[in-house]
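Two versions of one and the same chain are coming, encoded as structure tokens; call them structure 1 and structure 2.
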Structure 1
């Protein structure tokens, strides 16, 4: 039965080091094993699988590309399955040769027996039965089926073999989506779609600098970073919009806390890295997925989006001080508009803010800007985002024609805090809500930075003790706590002023609950005044006047009511115990009609 398989392929790859050009062998999988450790799996590392492949005469080890993992998880391939390779490469890992499977067809998903009496190719090489390939062949060029794909399981390296660069053969080309840490020799031909500024850092281990770029080709995109010496070597060479050959760099697992590019891997430039310019218009230009300005209301806070618009206003350069470093950052706000009749504020930072001088109403395409909810909806352009002024694309030409003919004299609607589902009297978008149990299970607030979320809950109990504090009466809004100086006046250390009496402000402690859990939250003056329906100063006077029944009635009436709370969760320490402090930023009355409609839609998805 060994004639079902292509005998000789394993020997050609593992022994001779090279398979026939265009080979698409039929092989049998003798076993499949996950190679990740439990610790790596728990840290979010993608599962990797190793397989034993047999051609009926010899068997050898292979690694599956991660895009093939679903075939293993769904049991489409298993022990004794028969496959036909479409695309593959070889690599040397810890001195052992591995076959890297990139694409194949499944001929027999379920086969009940082992075909032939295959022996271990490594033992045959060690015994001298089969000669070992030279070490220089450890990374053979990727093999691919020259015909069209007949239903394989994923993308493979680029067809066409080697390419010429600078008058020399520089090896086979790989598409970006096929790169992985298990390949040592690869070359990509890609366009720089984004390039950051050089960033400097200083810590206990010394000083340093880095920059990053985003490469893209027709298969996908990947981020690359250069540190120190590589920053000096490549920063000026790499230019946005131009095409380059890149090779001899390291592939790592992407650190998603710093990388929002849609790829599970990232590139690190090294001393041996080679980057060569390439004059090739076939590599695609930047791909945009534009949202209209009026569609920003449908996006969530912190979403990333692409947007194109006309710059209608350019504000003066200003600065803000970083809370982390206490260093000033330059910022500039601009207003962009489009045919929807809506306007939105977009903030530029750093050198982009300093160098922006376009006051002639240009059309600008932005890629990867961050959505915020300040003032209803706003946008921020951080280092990972890019902008193209007056780009030569259809959307830009249409905007230019519209603005010059009619848009210049249009009255635009600006986003406000009462828009985008964020009014003070209505609930936020229902698909954003978290239950209290979900907020706790996700450990919101237990990280270094503050977490924000929205929940719908019932006020179960409000503490009437210590519901307020005496605040500075400065009309400019100091709001700092004051202390009595013993002479019948109150002193503010911040303002260095004395007041005959303070203005009381809320610091309300409430227990709120839903069907999953409960938690204690703190509501400050504006929110608490809305919940109780009386100012803290007036409520304090009721207490001081001895009208205990009237005083308690405000707390009683506020309990048992439902609200949507916009919350802030931050780690705190109390009596050497780490806990989460929940603070209410805003409270709104639920829209029960909208909530009922949303629940009906969710029920309809079950097709009951």
Structure 2
């Protein structure tokens, strides 16, 4: 039985041998496992698989190029499958030999037993049964050329109008997957799947400019950066969608926290870097892994995903100021819909927001957008995200046909319409609310960022002390606190103006409760005025007038009422104690009729 497999291959690759040129050994897969690197779990990038491969005598670890993932997802290969390797590459990382599978034929998709009694090649190397060649030799070019390279730009002099090279020492062609800092003679042939704007930076360490591109080939993807001079050299040359030979650049360890491209490493262009255009169409086009709009509900906040849909709404360009950097950012929201009947908001930033000018309901494919939880689910573009307007792909054609015939007149279910940020006349569903207990259990507001949630609660008690502050009377809405200057006027630091009288505004502190818990929340002017039914300034005057009973009546009258509160929870330190500050952004009167109808519907469904 063991003669089914090509004994000797694993030892040759992982141990002391050299696999024969163009070897296409038959091997058995002993296991396939998804690699859950910390980064991929949260960033939602393409999965990466590792397989244990046996030749009947030894087994060793292999990585699968990501374009083979569908074979695993569809179970075409699984434990005990038998494959005939067509192309692969090897790589040494930190003293360990790594085999990367690029292409293979499936001889037996389903096979029900392990062939032979293969032992771990790493153990054999460790205990000296098998000797290992110096690691340097392992940094070899692919042992077998991946097929499908029209023009055949393999190692050595290029054929078929490929690489010029110009006598430069550029090294053999490598799959992106096999690049590592431990080798320096390599060339990749890759398509630019994304290209950033030029970014200028300035910090304590200096200033400069840079741009990023993402390269992809049949094996994987890698991010590359050109700083300063290299930014000048290569920015115009590299175009999104085109294919290039890239060589003589530095490979660095990628800082995954800043990089959503699925590679442990990244490329830094250097002075010596050679980049040449290539017209090889066989290098794969951008691959999408689309989620339907309604499937976004299944993803986590901060996941990355690809989405395709019809742009149903384009909102005006606006500007927001980043809390972190105080810098303004251009922003534009659009709404995306698809056949699921679900709509989602997608936010464009910067140049992409400014230059977006498609008001004719185009189909757009987005790659690498970030999932947010604002209003249930929302999407936001990264600078590394790409969008392709009316792409010539099946999904786009299907969407076009659907939208033009039926979709255009569909009532869409919007994530945003039923939750925080919705229009005033629609109430949130009960299942979209958080109880106060849940908000606390989930530690909302305990992270660096502000959390938003909606809760249904009863006002238990409103503090009548310190219910307001004297605010700047500037009619432009400064609203900043003013201080009495001793001459009978009130001074605003921000406006640098003196006012004979301030205008009082609310900072109302109230205790709210539901069936799970209670919390203290702060309501500012608009919300508080709605709850108390009087402006802060009038209430202040009432208090100054000395009618304590009437003054108090506003507070007691407002207690005991139910509201749907749109809340924000944010970390705050007060007297060196870290706590969560809950602020009410909006208070709505619950639609009890709609809630009852919804509940009876749920009960009916439950009883089926």
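The structure displayed is predicted, hence computed values, not measured ones. For clarity, a rigid core is taken as the largest C-alpha set superposing within 1.5 Å between two forms. Residue numbers count along the first chain shown, from 1.
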Open item on the list: Two copies of the same chain, shown separately. Which of them is the form predicted together with the DNA?
Closed with: 2
Open item on the list: Is residue 510 displaced by at least 2 Å at its C-alpha between structures 1 and 2 when the rigid core is overlaid?
Closed with: yes
Task: C-alpha of residue 455 moved at least 2 Å between structures 1 and 2 on rigid core - done: yes
TODO: Please check if residue 527 moves between structures 1 and 2, taking a CA shift of 2 Å or more relative to the superposed core as movement.
DONE: yes
